[in-house]
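Just the one chain here, laid out as structure tokens, in the form predicted on its own.
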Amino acid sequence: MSTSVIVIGGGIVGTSVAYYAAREGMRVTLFEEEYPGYGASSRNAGYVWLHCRNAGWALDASVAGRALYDELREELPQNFEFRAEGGLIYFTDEAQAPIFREFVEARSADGLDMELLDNREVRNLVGPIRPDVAGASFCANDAQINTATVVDAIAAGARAESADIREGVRVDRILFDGDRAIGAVTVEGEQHLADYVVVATGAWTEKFMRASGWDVRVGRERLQVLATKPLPQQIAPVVYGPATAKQYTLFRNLPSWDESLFLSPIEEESGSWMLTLAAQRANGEVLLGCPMDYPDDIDHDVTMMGMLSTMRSIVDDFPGLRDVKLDRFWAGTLPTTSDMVPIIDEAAPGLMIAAGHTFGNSTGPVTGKCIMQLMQGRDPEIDLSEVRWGRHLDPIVPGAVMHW
């Protein structure tokens, strides 16, 4: 008799688990409280970002995940939005140039296809950017997806392999027999039994697992984003601004690092760090963002200061967008862990945890594949030593700044 699997959570990780497990002949039921992609998967800017992934699991899994998109485009029953035009972090002050030079050299040594761009090269790739932009680090390995379309396509692939994806079903807790997970209980009290239960609940994980008596240290980071009305295509890569650098330990550990060169007046006024970004989707809309904060619960609200900080940052660095028409705005909550890599492991007999993916666009599908391999008793194709259950993770402190 085939192995039965319950997946809890219908984001990019959960649907990927369902797809790969069902493709291997497992009997899969996925429970999603809202609809596939409701959480961070439909609320992020779609960066498949290898540029700043730390050497080790984060980089290895991101490289494998980026390559997996080429396979998914061939095998899934419906298309999804994908662009492979690289990514860049621009800088605006020549005093920042030595730091970016060191960064590009270090990343090239890690095996990424990196180069340092000059003013003309940046302006050729990013039409609306300020004319005095000093340069940028550019990574040809980076790509962009419309994550919601990816989740829809993976869910369609899972259904085509006979997975049962149930929307609008809230799971209350995991059902145990002794120390073994044997199923899940919905809020209506319905019990569903399975050989494996996979928790892929993203930023909801800490609260969800607490109901089953587990302390799973997955925190939350809120990002606020706005979108313009469709414009002619003028931004090829995915783009981050110089304030992004201080968010990454790869920059902060460089010999020439000087945080004072990367603090903006907007950040000092708002009290939130900016992850200045611009990315243009296939329909022409430009996504802009985004202030970061760390709430004590899921928070999809947009704040006045958040949008003001975003618009001031964009107006300063993208004069070509000053007069564009705005369409909508939203917020998303990403899952985080203190060491910035997820938990991917069998935490107890029959209980698989696949949660904490701050960069799920890069690693969500390959995580689904690894969880399938674990359930089959096979060696995962990526070393999971860094992301095992039981490693030390710091307690979650709402409001505390996290460095990726």
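Counting begins at 1, following the sequence as shown. Values in this document were obtained by computation on a predicted structure and should not be read as measured data.
Beyond the structure shown, there is the form predicted in complex with a small molecule, which is absent from this document and is the topic of what follows.
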Contact of residue 117 with the small molecule in the model of the complex (heavy atom, 4.5 Å): no
Wondering, does residue 359 line up within 4.5 Å of the small molecule in the model of the complex on heavy atoms? yes
Using a 4.5 Å heavy atom cut-off, state whether residue 202 contacts the small molecule in the model of the complex. yes
Just checking whether residue 368 would be counted as a contact of the small molecule in the model of the complex - the rule being heavy atoms within 4.5 angstroms. no
Any chance all of 128, 142 and 276 sit within 4.5 Å of the small molecule in the model of the complex, going by non-hydrogen atoms? no
Just one of 182, 112, 225, 99 has a heavy atom within 4.5 Å of the small molecule in the model of the complex. Which one? 225
Which one, 313, 137, 333, 244, lies within 4.5 Å of the small molecule in the model of the complex by heavy atoms? 333
